[in-house]
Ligand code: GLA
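The form predicted alone is given below as one chain in structure tokens.
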């Protein structure tokens, strides 16, 4: 197939003629890679896009994470790392097309599959259905997104050549009327003049494909021939495209680090391109689910369980989490160059990395001394009922002893530390299907505290629909329901207001602070292996979660978030920690590859 270089067909639409794509009157093959701009520091967008061109890609596929751009109902934020229009223009400047995947649901191993937490505050609102309240929220989001991106569609001279309708809905349901409503909402928002498509697994295409809309297929390593055979049988007279070719995989907490076979993937990519098929490599760069933005899986079968993903979304992609080419990059570049006959552009100057000598977090502040004003309720309520989206939440009630029995918490969302009179008596972990623990109280009054962490809302499967966090069931002690709760919202949005710093040992959940000085900035990986479970801020930015069950042991810290001179690290840890030592390295630190025993 004769191919044009990206610069020669800039600002023109891609259309369909029979079973192939057409651009500028000639057959066109889409060779794309997925890269979620909101997972990559804005200062590095251009670097990553240049590397996409250097691997031979002619397009970039990106999700838009709804929860990031509309953190509160009707309040939109398209600044800084959410500036999708700037990213799209930057891609155009590099000669890359853009394939847009705006959701509303995106999966992506991202918190709640991209759904804003406030959707789950209404128990009568049902996501991914024809529920009018849900569709009204989607319409508002699409209309606002259209203001940013509709002028950048290829039909208007921009680089956005295709827009996805929903995302893998066939693995969730088969309501074609719902899919058509999402389709029409995208058209109303200005996204309908160019290619639109649906994507799903090869056995699920019939669940959500729409008449007159391109259907593409998603699959993993070793599945290409079978997947395309099923796509051919389903839509014999349309172009054949892999919407996601999973050339890697993601990590779950408590499981081995994912590693995949680049040689097998390179051969499979070569076969797809030789057949004239279009392909989107998922991921070109995975990036990082900074803050509390990692998602979780839960399929819903008896053998399945809640499984949150790590902060790192390295995905074993051609570029690593920090944007550096892996050997897979060179293999894929060579395959693409051979298939297209186009010489790839050179790589940009490599990003600088540095080690940071070990330093000690010498100051601590107890969580108990940093609680906000509580809200009183008769029964414990989910996090969203208090206007909170992410982080931690503390539930407190008073007990009278003596009593001995079972403390039933129900399906905690998602990890609870349970204290009596500020003494830890046990943990309840949703991953392990734990719902209760034994408790024995002496005579007299006692304070029961349950500190709950939302470790990531479910992003895939039937349990996605119930995105509540915190406590969602009545709490029972020895079979009797407990009433009269004080609830403390702990969204952990900033370390600035933390008080009570001391150099003395602090027992229980606490914040820990230290400093390091540098004369010049560069990327690094912050080794946080001294901690048990929590998260870390550096200069006020939440780098992501810490959990000593692995496999991830360090947090990616990009140079643009550092300062020449003094830099402040604040770590929240659920366990007692004293004088923890932290250091920076030039690559990710991992725990051993086997699963560690949970604490």
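Positions refer to the first chain, counted from 1. Note that the structure is a prediction, hence the values are computed from the model and not measured.
Here the subject shifts to the form predicted in complex with alpha-D-galactopyranose, a form of this protein not shown in this document.
Among the residues 167, 524, 454, 294, the one placing a heavy atom within 4.5 Å of alpha-D-galactopyranose in the model of the complex is 167. Interface residue among 44, 66, 63, 535 relative to alpha-D-galactopyranose in the model of the complex, by the heavy atom within 4.5 Å criterion: 63. At a distance threshold of 4.5 angstroms between non-hydrogen atoms, residue 249 is in contact with alpha-D-galactopyranose in the model of the complex.
alpha-D-galactopyranose in the model of the complex is approached by residue 109, whose closest heavy atom lies within 4.5 angstroms of it. When contacts are judged by a 4.5 Å heavy atom cut-off, residue 172 does not count as touching alpha-D-galactopyranose in the model of the complex. Heavy atoms of residue 244 reach within 4.5 Å of alpha-D-galactopyranose in the model of the complex, making it an interface residue. The partner is not drawn, yet in the model of the complex one stretch among 403-411, 260-268, 313-321, 514-522 has residues with heavy atoms inside 4.5 Å of alpha-D-galactopyranose: 313-321. Applying a 4.5 Å heavy atom cutoff to alpha-D-galactopyranose in the model of the complex picks out no residue from 321-346.
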